[in-house]
Structure formats: C-alpha cells, structure tokens
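What follows is one chain in structure tokens, specifically the form predicted alone.
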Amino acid sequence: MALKESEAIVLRTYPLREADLLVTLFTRLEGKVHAVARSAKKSKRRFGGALEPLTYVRAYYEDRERQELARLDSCDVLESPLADEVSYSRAIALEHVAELLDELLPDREANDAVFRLTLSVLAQMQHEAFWMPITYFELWMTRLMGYLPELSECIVCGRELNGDRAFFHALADGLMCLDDKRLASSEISAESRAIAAQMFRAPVESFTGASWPRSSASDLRKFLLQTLQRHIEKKLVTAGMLEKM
C-alpha cells in the first residue's frame, strides 16, 4: 500500500522488541493511529528525536493488510517541546496534554478542531507559565468532547446562576445553586465562571502575559477534571501529579 502522509502529534511510545517502538500518533488525517516504528531505537536518519512525546511531526505511515497496527516509515520534526529546557513541572504539564488526548480521542477519527487546539496550546507551553494553557486546554477539550454542561444555570431547578453562588459534585453532571447543592460539593467562583466565558470567546494567545498562578481558576480545573474522569471512567494519572506540584 502507498504511504500516507500527515501532520501528527506524538502522544506515546512504548518499547516493542529489541529495537522497535509502538507509537501512538494523533494525526490530522485520520485522528489517533497506533503504529510500529521498526528499528526506531537505532535509526537516527528516519526518526532522530521525532518520537518524543508531543513532538509535532510530519509522519509517513502505511496500513498493513489484516493488521491493526500501521507501519510508521519515518517522521520529520516540525516543532519540538524539547527545543527549550524541560523542567519536571513543565514535563508533567506536557504529559497531561498527551494523556488527555490519548484517553479522550477515539481511534481513526479525524478531529481538526482538537488538532488546532492542541497546536495552539502547545505553543503557549514553551516556558514554566503553563497553568493558563492547561486550563484553556481542559476547558475546550471538555466542550469539544460534548461533556461540558451549561455553566449558567442550576441542573436541579434550572435557576440562572449569574451572580449567584454555584457548586459542583464529583457525581453530578453540572452546576447547582446553593439550595440544591449536594453534600460534599465544592464551590466554583463567579470569577472562574467568567474566565471560562472569556476563554470561549478568545484564542489562547490573547491570555498570554497575564499573571496566572496555580491558584487562578483552580476550582474550574477541578470541576473540568471531575467531569472528564467521570465520562472516561478512570482517574487521570497526570491530574494527581499536577495536584502535588
């Protein structure tokens, strides 16, 4: 079969036999693709540093008859997160993006909106100030996957929440007013809800330069992660690692 060519983002690599790697790619052409990179540990000409997680590449691969795994022929690096020094905290933030993509995206289903979102967010994660792009990415991924409930009304009584206190629960699908909140609920501030509304109206680049410590919109991130984990029915490993930072 003829080689397919596509822009792609490397999500995961796993050792496979002595010199091969099993690679998960998020391709622009076909969405998430699993492929075998033969002799990837030895071939600097065909792969070099192209298979590092979240490297933006041009991938050349082909599907094999009666085989679930494609064959990855080679990759050209278009942009690498390793171009800048990677600290432990930034490495965890990058891995969080990769884990979300790997867990949320179905195989072989192109999603250009998510692909463009990922590239724009990665461009803002070149340095240590990653809490803003992480918040932006989690918010938009929750929306694009169809998991984000209406943030302006109570899911129990339908009351408008604009200007009122709002609460969320790990087992509930949206926000609740003070009267209808469940036991052990957490509160999400009006400021964080306003930030979410702003992020839906503007590209991630427009938030660059603003002071954004870890505490900014932390309640929003908690709500988004609870929503995502409830739908995928598992805990995200990197979410726990980010909490400890």
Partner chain sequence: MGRFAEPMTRLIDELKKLPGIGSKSAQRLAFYVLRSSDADAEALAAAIRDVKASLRLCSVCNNITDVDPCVYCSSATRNQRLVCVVEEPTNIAAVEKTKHFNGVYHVLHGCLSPLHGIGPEQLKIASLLRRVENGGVDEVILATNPTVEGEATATYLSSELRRPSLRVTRIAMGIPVGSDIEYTDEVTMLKAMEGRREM
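Only a predicted model underlies this, so the values are computations on that prediction, with no experimental measurement involved. Positions refer to the first chain, counted from 1.
Below, we turn to the form predicted together with its partner chain, even though it does not appear here.
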property	result
Heavy atom within 4.5 Å of its partner chain in the model of the complex - residue from Cys157, Ala83, Ala113, Leu171	Ala83
The single option of Met145, Val77, Ala129, Ala123 touching its partner chain in the model of the complex, heavy atom within 4.5 Å	Val77
In the model of the complex, Gly49 touching its partner chain (heavy atom, 4.5 Å)	yes
4.5 Å heavy atom contact, Pro53 to its partner chain in the model of the complex	yes
Distance check, Asn162 to its partner chain in the model of the complex, heavy atom within 4.5 Å	no
Contact label in the model of the complex: Leu119 to its partner chain, heavy atom within 4.5 Å	no
Stretch in contact in the model of the complex with its partner chain, which is absent here, among 147-155, 163-171, 133-141, 93-101 (heavy atoms within 4.5 Å)	93-101
Heavy atom within 4.5 Å of its partner chain in the model of the complex - qualifying residues of 215-245	Val237, Thr238, Met241, Lys244
